[in-house]
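Starting off, we have a lone chain in the form predicted alone, written out as structure tokens.
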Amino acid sequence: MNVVLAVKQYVAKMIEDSGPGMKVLLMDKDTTSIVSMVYAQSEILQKEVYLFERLDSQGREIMKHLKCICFLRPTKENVEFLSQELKNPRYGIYYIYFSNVISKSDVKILAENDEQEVVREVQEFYGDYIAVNPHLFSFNLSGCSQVTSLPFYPHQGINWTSQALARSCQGLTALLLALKKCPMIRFQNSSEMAKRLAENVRQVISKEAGLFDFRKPDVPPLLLILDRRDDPVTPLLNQWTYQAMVHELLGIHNNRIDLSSVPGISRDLREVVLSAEHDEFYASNMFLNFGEIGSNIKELMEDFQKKTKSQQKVESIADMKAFVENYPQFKKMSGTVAKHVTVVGELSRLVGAHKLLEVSEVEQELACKSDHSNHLQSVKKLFQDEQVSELDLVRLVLLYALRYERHPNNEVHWMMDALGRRGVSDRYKKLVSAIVEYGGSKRRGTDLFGTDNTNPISFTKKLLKGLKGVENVYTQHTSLLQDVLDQLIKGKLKDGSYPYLGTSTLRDRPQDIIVFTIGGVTYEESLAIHNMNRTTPGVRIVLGGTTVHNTKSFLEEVWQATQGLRFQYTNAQASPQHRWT
């Protein structure tokens, strides 16, 4: 179950099926991102694809000598654009591939517009998701929920936006087809959103039964649908492994990192790409902690310096020949060193400038232990430190508000005033109430903080922590997702909390598990899945979400989801104009 490989194979097959000759790859906004995540442009150029175009771009040249490979999402807009393209074709012949199921009526529209008979092929290749890592996928959907009061929802609450529900269902069914899985489905019972998505996916599987007619394995695969609102804590924590840390402090969007705000940055490093598919150092280090990265960067530098010295001796024809042969690799290594030294240097600067070690230690304590008096003093102490950023103060207050929501002596109002005294904006302060409305104790279906000893997940979490102790104060937190999957693999996940859709249940230990989190996943959870795949023989897990969050994007998600709700601590309603960028 490799989500990156599945998309790569689709793209390779498209190019191969079009035969020899010069080609153009025509895509839309979404499929451009899908392809760019798994292939470097230089790789595709080697396959005789010399031009990359967007279907919606104006003024494309007429090039009848090129074959056109179209890879598009089957949207109404794309069908209209493609119909116009076929009426007045710019290229010689067309091979059309849709990333998901396309209706017969839309195919008929395209056929009617193909008056010059330039279309050679129309197929469905189910690469309709962003493949982040081999075990991680996303739909790049932000703001998937909103406040609604509909006939089938008797009370006002947070539910799907219609566009996000449709896109999530399309993306999930495409992923299942790409991986050739027809799964049993379980969902989080406390989430109406999880139930609706589960039902919609099952409807598609029933409607397209012919597509899902795969060879039945001994143990059926399992699709587990969860809701971010059950664990609002994980996206609020600072991270200390390379990939997660880069996303938290700098932001990763489709493998790209914007470094333009880094002091003294050179022009060619203002935007860099971090892709495990094309960067060996990143692939080897993305799951390692920050201390290990520092020593590995040093080794990379020393190795580069040795090779640089050896290249300086160009005295004979043989030396020149060796230099020319090794130059592409040398140049690539030079770029890799410069990129990672810059990224790690900026991470290090931000850690020092904003006291992130001190902040993270308190965050972890709030997430993992109940000790109100000490936690209150620790948070108050950080409020007095001018180096602690607005964002970090807010996340500490959010964690405190979630942990001590029902504590009789909680001092959330004092913290709100303290945020005001520090000059923190009203939009940040309103998030304290928004987070409780989004993922507070009344909204969660599980005992997130482990206060209920009758809950098997909470009890196991406490027991393991007691046995293991704490190896690292900055990474002691384990996400709810990891605990749920532990219970699932052991056959202890309660059917009442995570029911099956339909009457069938899984009798054996699951082998292929696809987990999808509505409201987004995190790189901390991705790391947990990576480790579980590595250490649990016979079990393969793929994780996906509507998006991959850092704290800023999660705050935006919470804000959009709670617009229109009356807030507990501010006596005000959310207003739509604020963004957390």
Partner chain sequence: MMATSDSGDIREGFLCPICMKDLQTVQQLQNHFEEAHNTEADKQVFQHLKGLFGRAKSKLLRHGRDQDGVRVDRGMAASRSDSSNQVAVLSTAYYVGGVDPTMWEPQDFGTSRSHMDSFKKIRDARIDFYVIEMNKLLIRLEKLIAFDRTNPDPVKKKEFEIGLVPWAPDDAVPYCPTCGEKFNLSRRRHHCRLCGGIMCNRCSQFLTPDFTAKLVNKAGNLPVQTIRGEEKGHRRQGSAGTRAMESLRSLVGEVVGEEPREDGTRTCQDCMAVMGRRERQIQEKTTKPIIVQLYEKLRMLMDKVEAMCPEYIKMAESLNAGETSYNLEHANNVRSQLMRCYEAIDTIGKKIATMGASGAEQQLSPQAIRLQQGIRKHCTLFIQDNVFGLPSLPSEDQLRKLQEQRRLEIEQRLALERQAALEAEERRRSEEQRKRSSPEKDRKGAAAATVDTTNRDRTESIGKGWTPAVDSSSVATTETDPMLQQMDIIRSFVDQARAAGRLDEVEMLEANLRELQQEYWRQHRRQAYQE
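Residue numbers count along the first chain shown, from 1. The structure presented is a predicted model; accordingly, all values stated were derived computationally and were not measured.
Keep in mind the form predicted in complex with the partner chain is missing from the figure; the text below concerns it.
- Annotated contacts: R60, P134 and N531 all touch the partner chain in the model of the complex [non-hydrogen atom within 4.5 angstroms].
- Figure note: of the listed segments 254-262, 216-224, 478-486, 356-364, the one touching the partner chain in the model of the complex, with heavy atoms no more than 4.5 Å away, is 478-486.
- Scanning C144, L396, L177, V343 against the partner chain in the model of the complex with a 4.5 Å heavy atom cut-off leaves one residue, L177.
- Here is the short version: of L501, V118, M301, L391, the single residue with a heavy atom within 4.5 Å of the partner chain in the model of the complex is V118.
- Residue contact check for G564: none of its heavy atoms lie within 4.5 Å of the partner chain in the model of the complex.
- For W559, no non-hydrogen atom is located within 4.5 Å of the partner chain in the model of the complex, even though that partner is not displayed.
- Mapping the unseen interface onto this chain, Q123 counts among the residues with a heavy atom inside 4.5 Å of the partner chain in the model of the complex.
- Although the partner is absent here, T536 sits close enough that one of its heavy atoms falls within 4.5 Å of the partner chain in the model of the complex.
- Annotation for 31-51: interface residues with the partner chain in the model of the complex are S42, L45, Q46, E48, Y50, L51 [heavy atom within 4.5 Å].
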